[in-house]
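Take a look at this single chain in structure tokens; it is the form predicted on its own.
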């Protein structure tokens, strides 16, 4: 039972990182109807920025500064590479984001170099005991879970109570109607990319906590793809639920895969995709996605 509980808690911590990444994907998709494949590059860029800033200013200052700088990078990409393509087919813009992802990662890899780089987090691999139990939880997973909860609450308040949040919700529902009501759709596009970039930077930092930052860190972001399909491509709650579900399933599979050696030793790697396929068989639009209605 203790092993099961520890696996669940690890899964929630890992799933928090996936949820932050998935939220970025969904925010951009809701605003622009384009899937941005540049999120892995923003995640890597944010983590590398933290490794450079953590020494001079400390971890707690480095994370928000890196998030803001990565948001600025995402804004620049949107303005230079994506905005001129408004009105073009969505798959063309998606391919452009693939190119942006590769280009940004190549540049960022040059800043990683050959040295081992750490984000300077205060948790490392230390654990904390759950009171009254024999369950140990890694502090980095607890921190990721708490940070994700705070950011989700902030996003909810932003979309619910601010004029810009309302404008983004209106543009997501109907861009032409929002434009007719005076909403600056261009500002909505830019802000969605900025938010996604900032979230990716925080996700990259927690993904690298207790470990090191290397050129392969971006691969973690690929797991966010089954997350957004699982939760629903246009659903923010779906991104959160999908992220936590995928993280939990992945950790449970990693913990118990030795009981099915005939499946091989890396079943946990493919478990998110298996879960996604199973859900899509019964809910093609994901758990919380909007079903498209076509008139014939």
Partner chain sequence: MTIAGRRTRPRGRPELHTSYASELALFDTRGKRVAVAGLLAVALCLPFLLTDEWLQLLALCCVAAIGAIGLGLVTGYAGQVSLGHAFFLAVGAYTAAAISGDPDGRVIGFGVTNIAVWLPAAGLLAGLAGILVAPLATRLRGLYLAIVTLGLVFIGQHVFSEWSALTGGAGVGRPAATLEFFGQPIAATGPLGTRDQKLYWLMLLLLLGFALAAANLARSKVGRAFTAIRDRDIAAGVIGVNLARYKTIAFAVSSAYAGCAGALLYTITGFFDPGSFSLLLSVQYIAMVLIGGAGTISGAIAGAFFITLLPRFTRELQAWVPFLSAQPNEVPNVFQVETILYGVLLVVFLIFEPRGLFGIWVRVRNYWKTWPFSY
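Positions refer to the first chain, counted from 1. Values in this document were obtained by computation on a predicted structure and should not be read as measured data.
Not on display, but discussed next: the form predicted together with the partner chain.
Annotated contact segment (heavy atom within 4.5 Å of the partner chain in the predicted complex): 264-272, selected among 46-54, 240-248, 264-272, 61-69. For the options 134, 157, 164, 94, the residue carrying a heavy atom within 4.5 angstroms of the partner chain in the predicted complex is 94. Interface residue among 152, 100, 172, 142 relative to the partner chain in the predicted complex, by the heavy atom within 4.5 Å criterion: 100. Interface residue remark: residue 124 is not counted as part of the site for the partner chain in the predicted complex, having no heavy atom within 4.5 Å. Residue 252 falls outside the set of residues with a heavy atom inside 4.5 Å of the partner chain in the predicted complex.
Put simply, residue 189 is far from the partner chain in the predicted complex: not one heavy atom of it is within 4.5 Å.
When contacts are judged by a 4.5 Å heavy atom cut-off, residue 129 does not count as touching the partner chain in the predicted complex. Annotated contacts: 5, 146 and 206 are all free of the partner chain in the predicted complex [non-hydrogen atom within 4.5 angstroms].
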